[in-house]
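As structure tokens, one chain now follows by itself in the form predicted alone.
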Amino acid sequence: MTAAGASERVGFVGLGNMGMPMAGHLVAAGYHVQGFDVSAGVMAAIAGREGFSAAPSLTAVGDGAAAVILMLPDSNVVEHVLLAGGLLASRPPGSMVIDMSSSDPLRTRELAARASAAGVTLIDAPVSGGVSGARARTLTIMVGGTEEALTAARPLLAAISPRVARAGDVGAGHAIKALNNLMSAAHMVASSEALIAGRRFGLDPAVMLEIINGSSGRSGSTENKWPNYVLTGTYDAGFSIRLLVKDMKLALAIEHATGTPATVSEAATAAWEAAAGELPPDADHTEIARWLDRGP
């Protein structure tokens, strides 16, 4: 993993809304991305795209590559890819797996131990910033792993985004990602309730946001999600409500395991679970604003 990329090959599993622009930044930095995705359409698209090649199988995605990046929905899929799918067994000693998915930190530690026993380094490097951040190369990458492992992986990660921070040892990146998403979700539901109440009171939501975003009530929800995805009526931030609920539950488990008071976290999670239960399975998480607005 050289600093300049210089046609170095990297494996990439999961070329969806987030993974494809991330992989595109690797190509722009000079890497050759050997990709694998369950979508036949994606595989056909990358087969004809400069800087990409379609791996003939999951176990071949890392052929000739020092590192394989995973951008997958959750720990279940990550474990299936690495274990049942045979990717981990196909990786040679001295190679690296970078899990950029939103995974369970405890399960990540277990996978890292299994990888280490085979001579493979596994680190977690989840991201925050959504599809727009993936496209704009402004994601925050939260790394769990040793300083040595981060030094080795940094050229790859920095090609995806310059915002790379080590959170701690393996699992720390996934832990802080879950906790971050819990906070973001709590902000979103509280902001939505307040803004809906203000509109019903007779206030203009756009004016409210302008005032709030210069005041102490501002958050990522008021600065980004409401103006860009709720007021516009697009509800297409690119992150599903079900994946967000999954992350909230992971964070809530950390709070419970550490004996942390979780009254607000539990209430926020319950609200999001209720919304996810009534909205379509593929609903964007910003749909919660519309769901709250049509409530009792």
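From 1 onward, residues are counted along the sequence shown. Keep in mind the model is a prediction, meaning the values are calculated, not measured.
Keep in mind that the form predicted together with nicotinamide-adenine-dinucleotide (NAD) is not shown, yet the notes after this line are about it.
- Using a 4.5 angstroms limit between non-hydrogen atoms, Y235 is distant from nicotinamide-adenine-dinucleotide (NAD) in the predicted complex.
- In the predicted complex, none of the heavy atoms of I123 sits within 4.5 Å of a heavy atom of nicotinamide-adenine-dinucleotide (NAD).
- Looking at A167, you'd find every heavy atom of it more than 4.5 angstroms from nicotinamide-adenine-dinucleotide (NAD) in the predicted complex.
- Contact between G16 and nicotinamide-adenine-dinucleotide (NAD) in the predicted complex is found at the 4.5 Å heavy atom cutoff.
- Only one of A152, V77, A158, A190 lies close to nicotinamide-adenine-dinucleotide (NAD) in the predicted complex, with a heavy atom inside 4.5 Å, and it is V77.
- Partner contact region in the predicted complex: 240-248, out of 227-235, 240-248, 60-68, 46-54, criterion any non-hydrogen atom within 4.5 Å of nicotinamide-adenine-dinucleotide (NAD).
- If you check nicotinamide-adenine-dinucleotide (NAD) in the predicted complex, you find no heavy atom from any of L179, S221 and L252 within 4.5 Å.
- For the stretch 120-153, the set of residues having any non-hydrogen atom within 4.5 angstroms of nicotinamide-adenine-dinucleotide (NAD) in the predicted complex comprises V127, G130, V131, in sequence order.
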